[in-house]
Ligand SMILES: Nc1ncnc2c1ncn2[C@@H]1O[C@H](COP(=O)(O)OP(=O)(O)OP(=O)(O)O)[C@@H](O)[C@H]1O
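Next up is one chain by itself, shown in structure tokens, the form predicted on its own.
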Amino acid sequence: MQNALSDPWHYPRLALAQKYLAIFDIGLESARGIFAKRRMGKTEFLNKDLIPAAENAGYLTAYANLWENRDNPEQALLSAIILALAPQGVDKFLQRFTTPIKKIKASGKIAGMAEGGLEAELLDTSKTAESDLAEVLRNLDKTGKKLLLAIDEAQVLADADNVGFAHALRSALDVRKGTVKVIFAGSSENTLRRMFARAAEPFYNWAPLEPFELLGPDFVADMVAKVNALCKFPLQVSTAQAAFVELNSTPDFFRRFLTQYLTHAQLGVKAALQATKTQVFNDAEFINYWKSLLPADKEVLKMLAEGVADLHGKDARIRLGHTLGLDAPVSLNTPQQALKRLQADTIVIRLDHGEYRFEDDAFAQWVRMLEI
């Protein structure tokens, strides 16, 4: 797993990592949930700050990104924990383990995990995931070591198809609160709140949930110092901060802006910013997704991007009717179903009754830039 030392552009957040480890070390909590929109630095923090800090503190560590394997999240989790337990001598370990592992090879990418390392290919785990999880964790118990389990895009566990495995995971973690510490990170605040706040959910009341601490002026100043050490056209911190805000305070977009500036510094900040905005707000992925949408879904997104507050009101339903070639307002069912589809695709998040927002600010701005 890549560490901060191998990435000169990583902005280290050791204090934040130590905060979470201190919470776990006190012993009052064994899990914590954090949420922020995508591209805000959660994954980088987990892999380059929290996990290295935990390893230095003597933890075994496992990281799984469930979004990358959302049809089979148990595969991602089992792979991550197995490789945490036996990074060396995996074959010998598997001889003692009744797992559906088909092969392990020393290259490629583990499903739902970071780049590099070993690759585990599991067979159909739908029949055996719960028993295999129990077996893996019994092997953890034998080590006598603590495990930090970082579950990225953890809202996948709230999917109805995953409820059985989620119950099994909670049961297995319940009896190991002293030895297994869990960070649930996700980009869907609404889904994570449901996971931890609804009595019917497997992880009800199991972890406190809080916003991820976002990067801000200190991050910008650090990046500017690194740019100015390489560039003969110095970048002003105030100018960079304004660009950061214009790029929706998104670290990933800001780094793209810095790359653009370093490559074409002689053209100035405005040119670099415009090129970056064109790149991030005109993504081919957005175009392909937009083409796949139903007309009603497109119109709902356009209204949401324009700031229409009542997507179920008469004005909105008249507009939807016109879009669909009708001379009358559509029924309430039309915007309701459109919003359900968009929520299922994690494009739109419901904040409260009748209140929605885009999950991705970049897509929201892309929709606003459409000719409508």
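So that there is no doubt, residue numbering starts at 1 and follows the sequence shown. Note that the rigid core is defined as the largest set of C-alphas that superpose within 1.5 Å between two forms. Owing to the predicted nature of the structure, the values given are computational and were not obtained by experimental measurement.
Omitted here: the form predicted in complex with this ligand. The next part is about that form.
**Q** Just to confirm the contact call: exactly one of 290 to 298, 215 to 223, 233 to 241, 73 to 81 touches this ligand in the predicted complex at a 4.5 Å heavy atom cutoff, so which is it?
**A** Going by heavy atoms within 4.5 Å, the stretch is 215 to 223.
**Q** Only one of M303, A338, A54, M40 has a non-hydrogen atom within 4.5 angstroms of this ligand in the predicted complex; which is it?
**A** Partner contact (heavy atom, 4.5 Å) among the options: M40.
**Q** Looking at the partner-bound form in the predicted complex, is D252 within 4.5 Å of this ligand by any heavy atom?
**A** Flag for D252 set to yes.
**Q** Examine H10 and determine whether its closest non-hydrogen atom to this ligand in the predicted complex is within 4.5 angstroms.
**A** Contact check for H10: yes, within 4.5 Å of this ligand in the predicted complex.
**Q** Answer for S187 alone: is it within 4.5 Å of this ligand in the predicted complex, judged on heavy atom distances?
**A** Output for S187 is yes: heavy atoms within 4.5 Å of this ligand.
**Q** Should E44 be classed as touching this ligand in the predicted complex when contacts are defined as heavy atoms within 4.5 Å?
**A** Yes, contact at 4.5 Å.
**Q** Could you pull out the residues of 141 to 164 that have any heavy atom within 4.5 Å of this ligand in the predicted complex?
**A** Read in sequence order, the lone residue that approaches this ligand (within 4.5 Å, in the predicted complex) is E153.
**Q** Rigid core superposed, CA of A17 - does it shift 2 Å or more between the shown form and the other one?
**A** No, because once the rigid core is superposed, the C-alpha of A17 moves less than 2 Å between the shown form and the other one.
**Q** Do S188 and D360 have their C-alpha atoms closer or farther apart in the predicted complex than here, with the shift being 3 angstroms or more?
**A** Closer: S188 and D360 approach by 3 Å or more in the predicted complex.
**Q** Which way does the C-alpha gap of S188 and D361 go in the predicted complex, closer or farther, given it changes by 3 angstroms or more?
**A** Those two alpha carbons end up closer in the predicted complex.
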